[in-house]
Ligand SMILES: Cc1cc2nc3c(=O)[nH]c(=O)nc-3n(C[C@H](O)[C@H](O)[C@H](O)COP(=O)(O)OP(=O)(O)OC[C@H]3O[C@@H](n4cnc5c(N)ncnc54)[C@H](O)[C@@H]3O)c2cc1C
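Before any questions on binding or motion, here is one chain by itself as structure tokens, the form predicted alone.
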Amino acid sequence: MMDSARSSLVGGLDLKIEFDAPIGARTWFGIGGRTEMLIKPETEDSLATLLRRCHQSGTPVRVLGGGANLLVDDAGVDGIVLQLDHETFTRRRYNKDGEVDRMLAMAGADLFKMVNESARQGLDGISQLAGIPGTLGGALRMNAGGSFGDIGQAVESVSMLDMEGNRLELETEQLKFDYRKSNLPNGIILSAILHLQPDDPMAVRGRVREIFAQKSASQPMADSSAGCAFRNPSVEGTRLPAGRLIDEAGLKGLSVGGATVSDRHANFISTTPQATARDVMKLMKQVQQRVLEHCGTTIQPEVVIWCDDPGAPMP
């Protein structure tokens, strides 16, 4: 991008900019390429203006949250990447409008902190997210959750900007959350109001510890991994665990380069520092093909893959 083009996008705005930023290293995989500009807005107005300018110039925009469910191609990505880690976009306010069962959280808020803080205050409703990494914005977009429930259960309303910088307010009756998806329109999530239930703090903290312990016992949480690699497929109306299908196909330990199907949980792909993003892509394609051959079921990626190369081995 020419200096004049950069200036027309970011000039006069309250932003922090990192050029040639290694965004792949910021993901939980710890691998992948770079972006020309990593931009951290400091105000909502600056973010809205930046989105309008990007829309007018045709500049691609992506959002980097906690990097927990993301794989960045080794060649990097075009356009700009946003990271909403300024205090403006990470704060949380409990007892919204004086009501003890409502919490306002910004999109950049850390899920771990939200779960633990609400538990300490004796507020339940998001304990099902214990052990799930990332930020609120990413969790809302994909309706993050697991066998204990998902975040959609607690959502009362969502505020966001569309890709032209216009503010949108979406209420309960306009929102739909389903398995690993939501009906949120294309745009940048700003915040959400969550409905929580007052409870004994010890009881809520106990539920959080129990859920976290169960996940720790079955998942390779210490590995460099993006969590579940594949969505659980629906077969004749029943969701089948993708990890079980991968395990039954005999794929635990299968490797491509520095990427390996975890021996602990078959729906996790772990990486070494020497791995490449293409190793992960190729391994995911092999897993898809082998599962299809073994049981006739197609499994789809849950990991979001950023890649601008049409020739990449995308799963």
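For every residue, the number given is its place in the sequence shown, counted from 1. Note that the structure is a prediction, hence the values are computed from the model and not measured.
Although it is not shown, the form predicted in complex with the named molecule is what the next lines describe.
- At a distance threshold of 4.5 angstroms between non-hydrogen atoms, Met221 is in contact with the named molecule in the predicted bound form.
- Proximity of Leu38 to the named molecule in the predicted bound form falls outside the 4.5 Å heavy atom cutoff.
- The closest heavy atom approach of Cys295 to the named molecule in the predicted bound form falls outside 4.5 Å.
- Contact annotation for Gly65: at least one heavy atom lies within 4.5 Å of the named molecule in the predicted bound form.
- Of the residues Ala105, Val72, Ile189, Val204, just one reaches the named molecule in the predicted bound form with a heavy atom at 4.5 Å or closer; this is Ile189.
- Stretch-level contact check against the named molecule in the predicted bound form with heavy atoms at 4.5 Å: of 136 to 144, 164 to 172, 196 to 204, 235 to 243, the positive one is 136 to 144.
- Using a 4.5 Å heavy atom cutoff, none of Arg91, Val115 and Val208 lies near the named molecule in the predicted bound form.
- Contacts between stretch 218 to 243 and the named molecule, counted in the predicted bound form as any heavy atom lying within 4.5 Å, involve Gln219, Met221, Ser225, Ala226, Gly227, listed in sequence order.
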